[in-house]
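Single chain ahead, by itself, as structure tokens, in the form predicted on its own.
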């Protein structure tokens, strides 16, 4: 295509060049003719007119000289003869110009008259008696006659000049036309040269591209073959021999690389509308991908082969990882959902058991993630080894969660199965030369579904029910099983709704603080108060902390709630001080999450500064478990809090595993005796002994003691007799809202 365009461009330039050359030759002839006329005719004519002007001036001068006797007669006649000969010669030359014959005839007449006057003047002056009047009269006629001749010559010169100007204009036009033709042709040549250059570059690029494409099969890392219409190999690139060698085949027989049913694939390719087929086939342990293209205009097949063994293995591995746990080779939760949905579609019966290995967090914190995973794998193997493969399938549902599906079981058999799993779990597991003990939490649900419901939705609901029953066991301490009932589902749904509402409780100003007095056991005067949070739900009304505080702990919302409680308690106490009430210390409970927060100190400082409350009027209550997690780090934090002048109390003392001898390391000001040791006194002598021991040990360490949950006069008298410093409980007052507590506050002044 490019070559055809170049030929057309060449022919076009050739034709235009011939046309331009002919036109330039024609214009050159025209210019040459003009120049010839100018040189051969007009220029000589101008010259002769000038000579004639000079001859007339000589004739006139000669007559005047003769008249004045400046010249002798012989000199006059001699010069006149020469002048007449010169005039005759000039006039004769002028007569050759055909364009001025009328003017030449007139000029001859005028010259003849001038000659007659010259003869008359010569004759008059030659007589013996010169008639000067006549001579003067003749001389006076000479000058006008010379002027007439000069006028005729001027007309001839003007006519000649016009002819010269016309010739010059014609010559200039011809030259300008020639220049335009030459410039136009040059522009055309430039344009054609650009056009030709563009297409030459295109042809070169096309050639380079063709060469590159021609080398493509040679350099292709995958086999490329060219087959005849009958399937005979016409060409095979070097990669074909390399793959044959890799497959331990002869590199000189490329047909060994092609599938056994090649003929069928060739016929299918030729028959398809796209003339192209794509398929995979196995060659021993290898998987090859083949693409066949049929070139109808060449009646040939191009075959492209690629070794996709690595890709197939990767796909199989990904497919395995998508539905199986790589650590235990157990099917995962995605396979569980598929198979449960299929079971509901087929209306199969059975039970689903959610099994969670307890103590995962403790093992993780003690030995790390690697050791924890090894332990979980051991747990999985023990569960797997104990199942009936014909009737049961074990799935790994999460890190420490498993699901056992029993296809031929009812709730009674599921209960027996769960009890067997719990007994088996009592045996320790050997993990890296360590014996690790772990119990199980098991939730059981019966596979029941609505035939009209979606199978996937029923499968999801089944897993949620088993998880709900399992969570009930875990909250109760684990090492047990529970069977799902509707009450669990309602409780779980209610908890979810409550969590959703709790997320907006702080920003919607739904939280309230109630205050419970602390009373001096000896004087009966109020010496402080504890701030206790309440939730005024917009629909359910007042919600007990027992109901929403555990949810806040689980979700992490307790940190934001604790921050609000701290600020509000400081604000209210500062307001009471400003109202003139006696300064009292307000106690605020810190949650475990809030205590571990890196912003705790800044939150405390911000609350005290913003509310302008002295640090000595704030008391923070912590629990035993909080100080026992990281003793050194906790001591450093408590020292920083205590250095601000804030008091520290140890809440719920006696319920953990610590002792006062150990806790003396911490900067604690007060110990609160848990209500569990107070509620059954004085009847329960063991609780009385424990309370008395705590009070005595606290006094020996210089700590203040506060008894919680005091509700009767007998309990109050007993604690006062023991030497307990402060009393807190319903015997004196229940927790009160701010307005009622202010009245109680004033009454204690």
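Everything numeric here is computed off the predicted structure, so don't read it as measured data. Residue numbers count along the first chain shown, from 1.
Note that the form predicted together with a small molecule isn't included here; everything after this is about it.
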Practice problem: Just give me the single entry in 121, 627, 502, 565 that has a non-hydrogen atom within 4.5 angstroms of the small molecule in the predicted complex. | Solution: 565
Practice problem: Would you kindly say which of 238, 231, 350, 545 lies with a heavy atom within 4.5 Å of the small molecule in the predicted complex? | Solution: 545
Practice problem: Would you mind picking out the stretch of 582-590, 317-325, 254-262, 454-462 that comes within 4.5 angstroms of the small molecule in the predicted complex, counting non-hydrogen atoms? | Solution: 582-590
Quiz prompt | Partner proximity in the predicted complex: residue 708 to the small molecule, non-hydrogen atom cutoff 4.5 Å | solution = yes
Quiz prompt | residue 738 within 4.5 Å of the small molecule in the predicted complex, heavy atoms | solution = no
Quiz item: residue 178 near the small molecule in the predicted complex, any heavy atom under 4.5 Å?
Solution: no
Quiz item: Are any of the heavy atoms in residue 469 no more than 4.5 Å from a heavy atom of the small molecule in the predicted complex?
Solution: no
